[in-house]
Structure formats: structure tokens, C-alpha cells
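Before any questions on binding or motion, here is one chain by itself as C-alpha cells, the form predicted on its own.
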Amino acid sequence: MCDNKILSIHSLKLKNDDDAMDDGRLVINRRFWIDKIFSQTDRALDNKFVAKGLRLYSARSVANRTRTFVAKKNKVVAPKKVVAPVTPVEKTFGKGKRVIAVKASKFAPSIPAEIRSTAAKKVQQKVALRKTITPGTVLIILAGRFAGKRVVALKQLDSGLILITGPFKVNGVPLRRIDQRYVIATSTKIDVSSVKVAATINDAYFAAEKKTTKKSEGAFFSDEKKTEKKKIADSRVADQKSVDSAILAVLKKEKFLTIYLKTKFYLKKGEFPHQLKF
């Protein structure tokens, strides 16, 4: 496939050297076709953004192209379909008879299951963590409910999110997950070598509970004005205390760190974030 295209490139020759000097458009056109041909072969799986949130190809077309690409790479051969011979149908209309031709299918041929299965399994790639974010680094939250709060980074979870804590007793931030895009890593670090995070505190630990109870119409309108506070499970409270106890022991030795974590980050008049050293 690629060799044929390379031959077609060499066939785009100029008439002679004089034409190349006189008319530069021939050279430009030749370069354009070379770039176009190689972009279609080497970058067959690229799906660039045309606009904000809008890609060049749809999800369906990218899936089809990816399946065929992976199938060719792994040399997956789908079994050929045996097409049964179609016999013409003869029907009687009144006194005469007429042969009815078989109509062609309106739909495009489907992709074989062998090719579809090659790209069906999705493997989650590990998110690379910034070098400035390490266990014990003090982070500044930029968005959300706790925007401006200074927290302590504990570890990176399997999903790529960072596990953080306030500690809760110092600034009211509980054990939470946060994306590294919404934090600023500071140069301040706390020794968290004594902190033991339980193996149960993972991504599934923070999954929202599904509500199965359904209210009747009368109960729905009667409880519309009542807002019940969400009760925190005792296991979560115990996990929070076990993690924070080791950090609080370190903070007792250095009092300025406690004040630093309590203080909320904000910009004063005339301060610019790109000029600050965190």
C-alpha cells in the first residue's frame, strides 16, 4: 500500500529544470501531495481538535479506523463469508410472468467480529504525576468547595487523582481526591513517612452510593422543604483520625506549619501569580 504511494510520488516529476525555475507552483504542488500522502499513511489514527471540544472525526469513524489498523498490525484474518447463489424469483402477474431482480443491500458491509474484538479492550494508562508533587507536599487548591485551602498530598491513586487531607482538624478539609490540574504545588513539605494510609482508601472508597429507595408522590412533596444532613459513616471518621493523627504529631513540632495550613491563600492588590514563588 505504502510502496504504491511512494511510486506515485516519484511520478509527480517536473517537466525539466527550466520549468522548476520559471514556475514555482509545480514545486509547491508536489510538496503538497507528498505531505498529504504521508499524513494519510503515518498519521492514520490522529484525531485532532478542529475547535474547542470538537474533533475532526466522529467516535464511530475513529473506532472503525482503529479496529482496521489494529487488525492489520496483528494480522487478524476474518473468515470469508460464503455467499449463497441467488436464484431469480419468477412471479405471475395476471396472465403473464415476470422475473424479479434481487435488490442490493442498502447498508454498508458490517465489520467482522474478529476485527471488532481486537480493539474492544481498553487499557487505562497511568497518569504521569508532576515532579513537584510528592507525598508530603503542601498543595494549594484552586477550584471547588475548598478553593484557596492548603492541604497535604498523601499519594497518587490508580485513577491518577491525588489523595489529600487538610488535616481536617486544622483547616476542615477531609480525605479527598483531586486532579493535579486544580492544585499548585508549593516548595513546603511535611514528613509523612509515619502516615499509614489503609489499602481500602482507593477510588472505590470515594464512589457515590446509589439510592435505591423511591418516594411516593405525597412523601415527595411533603419532604420538599426538609433538607436532611448527610450522615458520615463511622468507618470514614476512623480513617480520617488515623491518617491525621500522624500528621498532627509532626505539626506539633513545627508550629509555623500549623499556622501556614490554617491560612487561606489569596492574592492581594498588585500581586500576580506568575511572579510569585510558591
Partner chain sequence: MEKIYSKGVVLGYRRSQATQYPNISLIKIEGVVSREDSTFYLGKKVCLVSKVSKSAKNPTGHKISWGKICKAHGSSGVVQARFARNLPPKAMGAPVRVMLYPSNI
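Numbering follows the first chain given and starts at 1. On a predicted model such as this, the values are computed, not experimentally measured, just so you know.
Here the subject shifts to the form predicted together with its partner chain, a form of this protein not shown in this document.
- Remark: residue 256 does not count among the residues lining its partner chain in the model of the complex, judged by a heavy atom distance of 4.5 Å or less.
- Remark: residue 264 counts among the residues lining its partner chain in the model of the complex, judged by a heavy atom distance of 4.5 Å or less.
- Although the partner is absent here, residue 135 lies well away from its partner chain in the model of the complex, with no heavy atom inside 4.5 Å.
- At a distance threshold of 4.5 angstroms between non-hydrogen atoms, residue 128 is out of contact with its partner chain in the model of the complex.
- Contact check for 142, 183 and 274: all three have a heavy atom within 4.5 Å of its partner chain in the model of the complex.
- Across the options 150-158, 198-206, 67-75, 174-182, residues that bring heavy atoms within 4.5 Å of its partner chain in the model of the complex belong to 174-182.
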